[in-house]
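Here we start with a single chain on its own, the form predicted on its own, put down as structure tokens.
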């Protein structure tokens, strides 16, 4: 047993030494860094608890004999004594719960340094400075800013000329393609293009008011070509009967009802950037907070300018 004690002391010493070498000698050390201090404190507690448990139960194994009342249940002939809950275990369990509650509410998350927290704070400060500096930018300067944002964030999928790189992403030089219109008519749309969840029904919810029947395959083909061709050619009657009630007679949309399907608008582009979009080609991921509001407005202005 003496060898066991000796091995425990050596292991405990190595643990404490390793912990100190890892955090105590790093940049900043233990001076004012609560994370490093907690690491060392935790190591000390682990060592003390380990020593207490080992000493207590090694001695108990040397002297204890099996006694007490067995429980009625047994597993393959192995019984279990009806022992009281060990006080030390109960105290350690309760103490861990108290410490964990403090740590998760008032300890590390609030008071400690965090790289993520510092990044978020820097991002907020930068966006506020950016918004103040460029709040009045408009016109050609806004479009130039949008081109810079596009080249930094969007060209990898849409291409440097915004042509979609052979169909791998949407061609932004025109508002919409035949395939995209047909996909939306067949499957509906729930892409937050208005900044809110105003879903377009799929074909089972689209009636041609002129005929009083659900839109047919031939009518879908006709209206898809009509919209993609800039609201011209065959299919005008289908659009008037099935689509104009939401998108307007001219296809430029209605506020809070349906988006403009004739031309891009800065607001529409900003919503796509913010929420992403699922269409005929696939799903475009949202950029979320990667761009601030002014950058989204700028890239919207740039893309809108491409199709004019």
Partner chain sequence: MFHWLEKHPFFFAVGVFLVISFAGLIEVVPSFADKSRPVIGTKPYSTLELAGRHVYIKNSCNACHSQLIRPFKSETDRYGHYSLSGEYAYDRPFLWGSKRTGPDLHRVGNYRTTDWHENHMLNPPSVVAGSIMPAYPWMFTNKANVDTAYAEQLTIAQFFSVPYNKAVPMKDGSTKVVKMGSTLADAHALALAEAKVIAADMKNQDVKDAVAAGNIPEIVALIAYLNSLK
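Numbering follows the first chain given and starts at 1. Everything quoted here is computed from the prediction, not taken from an experiment. In this text, rigid core is short for the largest set of C-alphas that superpose within 1.5 Å between two forms.
Below: the form predicted together with the partner chain, not depicted.
*Asks:* If contact means any heavy atom within 4.5 Å, which of 122 to 130, 227 to 235, 200 to 208, 177 to 185 contacts the partner chain in the predicted bound form?
*Replies:* Selected stretch: 122 to 130.
*Asks:* So in the predicted bound form, is the partner chain close enough to residue 153 to count as touching (4.5 Å, heavy atoms)?
*Replies:* Output for residue 153 is yes: heavy atoms within 4.5 Å of the partner chain.
*Asks:* Is residue 115 close enough to touch the partner chain in the predicted bound form, meaning at least one heavy atom pair within 4.5 Å?
*Replies:* Because a heavy atom of residue 115 falls inside 4.5 Å of the partner chain in the predicted bound form, the answer is yes.
*Asks:* Closest heavy atom of residue 157 to the partner chain in the predicted bound form, within 4.5 Å or not?
*Replies:* Yes.
*Asks:* Mark residue 13 yes when one of its heavy atoms lies within 4.5 Å of a heavy atom of the partner chain in the predicted bound form, and no otherwise.
*Replies:* No - in the predicted bound form, heavy atoms of residue 13 and the partner chain never come within 4.5 Å of each other.
*Asks:* Within 4.5 Å of the partner chain in the predicted bound form, which residues of 73 to 102 have a heavy atom? Give them in sequence order, or say none.
*Replies:* Residue within 4.5 Å: 73 only.
*Asks:* By the 2 angstroms cut-off, has the C-alpha of residue 82 moved between this form and the one not shown once the rigid core is superposed?
*Replies:* Indeed, residue 82 is displaced by 2 Å or more.
*Asks:* Taking the rigid core as the reference frame, is the Cα of residue 73 displaced by 2 Å or more between this form and the one not shown?
*Replies:* After core superposition, the C-alpha of residue 73 moves 2 Å or more between this form and the one not shown.
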